[in-house]
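What follows is one chain in structure tokens, specifically the form predicted on its own.
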Amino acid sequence: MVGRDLVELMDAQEHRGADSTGFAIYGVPRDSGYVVRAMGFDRNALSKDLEDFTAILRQHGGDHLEDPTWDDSSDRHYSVRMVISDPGDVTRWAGDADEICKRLEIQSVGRSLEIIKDTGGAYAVADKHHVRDMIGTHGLGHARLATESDVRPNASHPFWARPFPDVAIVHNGQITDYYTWRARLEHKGYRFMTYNDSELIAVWVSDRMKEGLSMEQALTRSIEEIDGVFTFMISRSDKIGWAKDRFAMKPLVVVDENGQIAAGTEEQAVRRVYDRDGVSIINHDGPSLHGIWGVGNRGAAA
């Protein structure tokens, strides 16, 4: 199962940072309706938060298709899963829903995408949110050491490419022209929930694709136009794209066995999933590299 494999990949990389761990898992796509993952910051206000969220959803022509569910931990913050019918306009609905983001913040929206992230290591997050039981076609994971942003569950990777359904990203590195690009994207109407540069890359690539570029073209442009050192993976319901900057400072190690792919920043992580003799390890260590993997992959991590 994708969830189980991603948990093992992330546990193998936990020494890189255990401030938080996150997973983006693509399940069986729905024909209609969206799965929404959101995070609230005061468990005592959960009922009020959901009432306000539901009111905004209904204003946009949507409603709950299933009763919302949430974790039963003793943490002050909480994670809620909702299945909703299609709002009239996803972008406008998400923008209005973000008005209560200081109380309840959307983490992902998708026909198949679900982003689960929290503070702590891979096993702790997996146990709390039942990640190992999640099935699907592919996914992303991330073990994080906070360096320049808060240690908060919503500041963790992966990030949703707000407001594009079914787009998620994980990233290793630093964008040095972050504020320049953020200002440009905000001028175009995009909204960011954190100051994490990974969130920016997801929107940057999605915006280029909205303008008509293919994913491959957008990945190429990211290498040419974004300044910094980075390796990132950006996923959709039908593919995972990846790109490395012009300096090739951040590693990417891949196992591709009969179309089943595992990728990570370290060989020991992918060998946690593919621990067999004769497995071929591909080390993408050159500059200005990019690629795309199709659906059906076992999992991917960064």
Partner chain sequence: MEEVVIEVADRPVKEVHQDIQAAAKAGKSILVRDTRSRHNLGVGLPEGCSVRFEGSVGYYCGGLNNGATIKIERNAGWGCGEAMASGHITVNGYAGMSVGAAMLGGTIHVRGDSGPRAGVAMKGGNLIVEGKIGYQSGFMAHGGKIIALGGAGTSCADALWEGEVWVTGDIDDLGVDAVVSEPTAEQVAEVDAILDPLGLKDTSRNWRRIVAGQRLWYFESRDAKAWLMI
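Positions refer to the first chain, counted from 1. What you are looking at is a predicted structure, and each value in this text was computed from that prediction instead of being measured.
Form predicted in complex with its partner chain: not shown, discussed below.
This chain is displayed alone, yet in the predicted bound form one of 246, 64, 48, 30 has a heavy atom within 4.5 Å of its partner chain; that residue is 246. Within 4.5 Å of some heavy atom of its partner chain in the predicted bound form lies at least one heavy atom of residue 268.
Looking at residue 16, you'd find a heavy atom of it within 4.5 angstroms of its partner chain in the predicted bound form. At the 4.5 Å threshold, heavy atoms of residue 286 reach its partner chain in the predicted bound form.
In the predicted bound form, at least one heavy atom of residue 279 sits within 4.5 Å of its partner chain. Judged by heavy atoms within 4.5 Å of its partner chain in the predicted bound form, the contact stretch among the candidates 233-241, 36-44, 56-64, 260-268 is 260-268.
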